[in-house]
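Here's a solo chain for you in structure tokens, the form predicted on its own.
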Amino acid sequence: MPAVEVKDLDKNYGSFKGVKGISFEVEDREVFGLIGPNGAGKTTTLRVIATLLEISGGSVNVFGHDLAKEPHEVRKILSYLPEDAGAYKNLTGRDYLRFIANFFASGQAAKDIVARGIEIAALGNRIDDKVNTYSKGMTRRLLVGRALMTNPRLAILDELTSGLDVVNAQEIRKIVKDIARNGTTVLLSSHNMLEVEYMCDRIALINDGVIVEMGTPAGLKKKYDACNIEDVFMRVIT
């Protein structure tokens, strides 16, 4: 059974079609990337799967749960990190993770969740400083810790390293790859095609709400005799 199964998914905003009948599957413990330019439909697709937007047509199943019929069951097993997520700036990093953990557990179980979040965020002694003193990279690492500390079966990550410097971006990519190896299925989006090429087992290229190609990064580069996925994308759409 696939972790995520999307069939003929449509998402309309009035007369505008944001996603146009796309289909793909994500295997258990796979890192799967949706890549394409801004406005291509990546974030819309992720928000639908995260149960934040209603389906206009087609179907989505997450670990056997029909999204339209069992959204509450889907929410129990996924974690969603939007591109524009923020943290409470007047809390310390540790207190922010404690606040979030209390929605999922209590007592020792909540403490264990927080410990995992601190380990993932890897902020050292800065975990006890207020979030309003953090750089953008540090805040993003804290948010990645928040998203992954509950051991979700599915992590949905939108524009994972958008706006980060090279050092912070590399560290966050490593964190996510390690999490996937330890059992979490990852569905991510990015307009950074080189990043996704590095991180993902398989990718789907999306443009104007339509998936135009799909496969492993290596397989797509071979198919189109391209040096990288950016070149693949340009050859597909031109």
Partner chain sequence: MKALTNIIRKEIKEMLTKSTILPIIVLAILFGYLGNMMSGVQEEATSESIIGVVDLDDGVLSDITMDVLSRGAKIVYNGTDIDEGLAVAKQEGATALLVIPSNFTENISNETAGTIQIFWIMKGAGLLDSISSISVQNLISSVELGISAYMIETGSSSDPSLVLDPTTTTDTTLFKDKEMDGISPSTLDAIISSQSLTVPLIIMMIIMMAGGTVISSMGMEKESKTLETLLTLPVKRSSIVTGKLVASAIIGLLMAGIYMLGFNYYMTSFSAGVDIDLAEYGLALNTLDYVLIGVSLFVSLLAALSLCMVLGTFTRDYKSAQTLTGPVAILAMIPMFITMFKDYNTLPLAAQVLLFAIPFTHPMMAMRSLMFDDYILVISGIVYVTIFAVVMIAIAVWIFRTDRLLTGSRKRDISKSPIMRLLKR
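Everything numeric in this text was worked out from a predicted model, so none of it was measured. Positions refer to the first chain, counted from 1.
If you look for the form predicted in complex with the partner chain, you will not find it shown, but the lines that follow are about it.
Subject >> Option touching the partner chain, based on a heavy atom within 4.5 Å in the model of the complex, out of 68, 212, 194, 53 >> reply: Contact check passes for 53.
Original post:
Of 154, 100, 123, 164, which one comes within 4.5 Å of the partner chain in the model of the complex, counting heavy atoms only?
Top reply: Of 154, 100, 123, 164, the residue with a heavy atom within 4.5 Å of the partner chain in the model of the complex is 100.
Subject >> Contact flag, residue 177 vs the partner chain in the model of the complex, heavy atom cut 4.5 Å >> reply: So residue 177 does not count as contacting the partner chain.
Subject >> Contact test in the model of the complex: residue 118 vs the partner chain, heavy atoms, 4.5 Å >> reply: Close contact is absent here: in the model of the complex, residue 118 is far from the partner chain, nothing within 4.5 Å, heavy atoms only.
Original post:
At the 4.5 Å heavy atom threshold, is residue 127 in contact with the partner chain in the model of the complex?
Top reply: Contact check for residue 127: no, nothing within 4.5 Å of the partner chain in the model of the complex.
**OP:** Check whether residue 141 has any heavy atom within 4.5 Å of a heavy atom of the partner chain in the model of the complex, and answer yes or no.
**Re:** Residue 141 lies outside the contact set for the partner chain.
Subject >> Within 4.5 Å of the partner chain in the model of the complex: residues from 86-124 (heavy atom criterion) >> reply: In sequence order, 86, 87, 88, 89, 90, 91, 95, 96, 99, 100, 102, 103, 104, 105, 106 come within 4.5 Å of the partner.
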